[in-house]
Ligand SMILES: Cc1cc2nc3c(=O)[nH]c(=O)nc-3n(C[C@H](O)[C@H](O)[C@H](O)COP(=O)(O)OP(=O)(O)OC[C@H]3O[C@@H](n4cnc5c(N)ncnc54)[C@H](O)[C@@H]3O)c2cc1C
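Presented below, as structure tokens, is a lone chain in the form predicted on its own.
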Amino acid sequence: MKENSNLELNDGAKIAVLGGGPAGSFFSIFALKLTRQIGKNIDLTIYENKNFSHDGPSSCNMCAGVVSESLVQMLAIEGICLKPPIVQRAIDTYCFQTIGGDVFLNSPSKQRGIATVYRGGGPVNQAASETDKEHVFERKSFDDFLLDCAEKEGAKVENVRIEDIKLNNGRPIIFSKRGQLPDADLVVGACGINSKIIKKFEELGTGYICPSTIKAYQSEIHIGEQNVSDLFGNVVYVFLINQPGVKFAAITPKGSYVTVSMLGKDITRQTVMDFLNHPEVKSKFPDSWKTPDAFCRCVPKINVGAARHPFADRIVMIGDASSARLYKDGIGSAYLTAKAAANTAILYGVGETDFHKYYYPSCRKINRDNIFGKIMFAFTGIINQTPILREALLNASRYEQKHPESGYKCSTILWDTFTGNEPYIDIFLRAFNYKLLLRILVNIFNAIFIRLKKSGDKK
């Protein structure tokens, strides 16, 4: 049953935020700041069962932990400044590694603007040396940091697992194992697609259906702080080695660990082992290094679709439980949806019509942009599986890096596609201009000519 009257949050209104990850923390920060600015007072509680300061997967939000340059800048404007020890590495370069060689792309802004972070307290220290263990105090969870920011704004945080949610005369009622929790005028679903409670939202009958997903595989590999600095530095390696069943594979440096991120169909621990033992991958690790038998790992779901009807009277879903950018910048999507939801709830109301009018456009913008993202990644897949196309594109990028006066068209397209720094539609429009296509076409002919010449020389 829906309430027909306009629903507004009055002084003393209670908000329950289910989930203390980035989406929940961002919503809380923006909502509390905004209420102070307009002279309102709300009671906001974040319910989160994890302790993000603890090591291991059980206290981690299972993410590669790469914060895009554009989001780092937006957070700085909001007064949320990311610094060590929250930031493990400041990335300024992406390397695209292929069987035939590699190409290094430097940040177009010439700054180390991309931050690598841990979403929990960090990996389980199974392989860490005594020297590394002395530096554990230098790690700080990104999610824990944001939760601290929310608390400083006035949010209450309760270490409670939400078990159920029901509707009573149009009002959402939330339950933990201990029973019913205090009534809320607004329930914010910031629980994420990897939580069990998300299915309870689907069962409410409001029309909400969670996004479609695929599985990712995140692994934390210990090689020692000095090896990370010497061998990886401030570079994220993207591997275009056409491994069967793998859509995407990358290695991200963090402290004394590197994070191996893989996307694909039915990726298993053996897939990861095969990847680590591939000659192009193994060459990046120390000569004496052997693939470990045990390492910290998780298999999270990744949003690859859009939620259906992510709002109702007094309920709004945010973050990847609603809309998220395809494969990239999930934390940035959490920021955008959380801010739009907070603005709607505080300034306009918490009714279904309010969220549809003022919140949902932000979700639609992400969803529409993902259409172009699917096109861009489909082309990337074709290029990765076609040696001549791959060689032509990377040669064009190498030429641009050596001759900056020619412009960085290929380089910035690759950079923005894989870093998530710009909307996919902007990347798409830049990719399909005749000058760039002509340059790549010339490189394709050159690649074919060189191959034919080598073939002729052998004969």
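Position 1 is the first residue in the sequence shown; the rest follow in order. What you see is a predicted model, and the numbers here were worked out from it, not measured in a lab.
Keep in mind that the form predicted together with this ligand is missing from the display, and what follows is about it.
Chemist: Note which of 42, 431, 425, 62 lies within 4.5 Å of this ligand in the predicted bound form, where distance is taken over heavy atoms; exactly one does.
Modeler: If I apply the 4.5 Å criterion carefully, the residue I get is 62.
Chemist: So this ligand isn't shown here. In the predicted bound form, which residue out of 231, 197, 223, 250 has a non-hydrogen atom within 4.5 Å of it?
Modeler: Checking each option against this ligand in the predicted bound form, the one that comes within 4.5 Å is 197.
Chemist: Select, from the options 148-156, 346-354, 373-381, 186-194, the stretch whose residues sit within 4.5 angstroms of this ligand in the predicted bound form by heavy atom distance.
Modeler: Of the stretches listed, the one contacting the partner is 186-194.
Chemist: Can you work out whether residue 161 and this ligand are in contact in the predicted bound form, taking contact to mean some heavy atom pair no more than 4.5 Å apart?
Modeler: Looking in the predicted bound form, residue contacts with this ligand include residue 161, since a heavy atom lies within 4.5 Å.
Chemist: Heavy atom to heavy atom, is residue 69 within 4.5 Å of this ligand in the predicted bound form?
Modeler: Although this ligand is absent here, residue 69 would stay clear of it in the predicted bound form, with no heavy atoms inside 4.5 Å.
Chemist: If we define contact as a non-hydrogen atom of the residue within 4.5 angstroms of the partner, is residue 48 a contact of this ligand in the predicted bound form?
Modeler: Yes.
Chemist: Looking in the predicted bound form, any heavy atom of residue 369 within 4.5 Å of this ligand?
Modeler: No - in the predicted bound form, heavy atoms of residue 369 and this ligand never come within 4.5 Å of each other.
Chemist: Is any part of 276-302 within 4.5 angstroms of this ligand in the predicted bound form by a non-hydrogen atom, and which residues would that be?
Modeler: Contacts from 276-302: 300, 301, 302.
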